[in-house]
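What follows is a single chain, given as structure tokens, in the form predicted on its own.
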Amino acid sequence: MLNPPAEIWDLHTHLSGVPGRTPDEKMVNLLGFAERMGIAKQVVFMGMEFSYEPTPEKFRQENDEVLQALSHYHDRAFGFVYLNPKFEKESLDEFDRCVVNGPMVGIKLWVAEHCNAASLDPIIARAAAHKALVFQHTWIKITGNLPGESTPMELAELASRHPGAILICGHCGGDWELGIRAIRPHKNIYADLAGGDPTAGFTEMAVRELGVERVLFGSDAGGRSFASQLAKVYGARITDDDKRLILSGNLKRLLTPILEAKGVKV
């Protein structure tokens, strides 16, 4: 552990997998678990039940559930809007509803569409114009990805088309040794440490290859435990100053422009 303790901002949490029958009940439990682990703030995205390829009605429902969960806790949690790029107009409208005219500060993209597809371009451009972060799930499965599931290599293609956007490589592709190398040349892509087992070397390689300023702590709770994911940072052979940047400093820096634009003090 760090002495003094570091402030912790968790990039990657969900309502799904957390006990509770309503968004409010789930949020109370999620915050309670986080508080026990010393996590001060967290980003929440996707609703109570995930949808692989959501219709506009479905992603609006999931975003409404997150908005409800956040409604009493804007001092402790932020939201990213869940979109499906296959529905361009509806996704742009939902971005405006939840981010431009609402409290959310980023976008969550999952497995509906490969992230190098041209259909993402208007969404990413809109995000960049409003200083919103874009979190893209990525994975590299030896058994083969889901039909629309993206890889870090595809995210690298997207980053090259949108150098002004802030993109986050969710899970670093799972196979993080390949994922980190794929995103390394693109300074606007940041590494998410969330999900997967707390294997040795992940955090150290990310810091070595990307620079500590591009590495972000996330847990993927309630799919993963806070403790197992914090272990990736606390147990890493890096300096305490580097750990503090990963645990909160980097995410705080990336979110500051959009939070300040919304009048939120950081």
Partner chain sequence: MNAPIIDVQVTLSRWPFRRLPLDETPALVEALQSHGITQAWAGSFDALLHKDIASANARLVDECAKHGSGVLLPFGTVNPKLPDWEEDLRRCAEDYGMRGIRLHPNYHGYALDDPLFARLLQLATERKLIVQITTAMEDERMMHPLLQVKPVDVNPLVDLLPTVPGARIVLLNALRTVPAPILPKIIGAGEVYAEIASLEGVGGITNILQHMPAGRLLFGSHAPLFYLESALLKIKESPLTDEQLNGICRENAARVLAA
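The shown structure was predicted, so the numbers you read here are calculated from the model rather than taken from an experiment. Numbering follows the first chain given and starts at 1.
Absent from the display: the form predicted in complex with the partner chain. The rest refers to it.
J.: Heavy atoms within 4.5 Å of the partner chain in the model of the complex: does residue 72 have any?
T.: Answer no; every heavy atom of residue 72 is more than 4.5 Å from the partner chain in the model of the complex.
J.: Closest heavy atom of residue 204 to the partner chain in the model of the complex, within 4.5 Å or not?
T.: Yes, residue 204 sits close enough to the partner chain in the model of the complex that at least one of its heavy atoms falls within 4.5 Å.
J.: So in the model of the complex, does any heavy atom of residue 96 sit within 4.5 Å of the partner chain?
T.: No.
J.: Is residue 78 close enough to the partner chain in the model of the complex to count, meaning some heavy atom within 4.5 Å?
T.: No.
J.: Would you kindly say which of 61, 225, 51, 68 lies with a heavy atom within 4.5 Å of the partner chain in the model of the complex?
T.: For this set of options, the contacting one is 225.
J.: Kindly indicate whether 33, 174 and 237 are, all three, within 4.5 angstroms of the partner chain in the model of the complex, using heavy atoms.
T.: Yes, because 33, 174 and 237 each have a heavy atom that approaches the partner chain to within 4.5 Å in the model of the complex.
J.: Which single stretch, out of 117-125, 150-158, 134-142, 88-96, brings residue heavy atoms within 4.5 Å of the partner chain in the model of the complex?
T.: Contact-bearing stretch, as computed: 134-142.
J.: Does any residue in 39-65 get within 4.5 Å of the partner chain in the model of the complex, counting heavy atoms only, and if so which ones?
T.: Not one residue comes within 4.5 Å of the partner.
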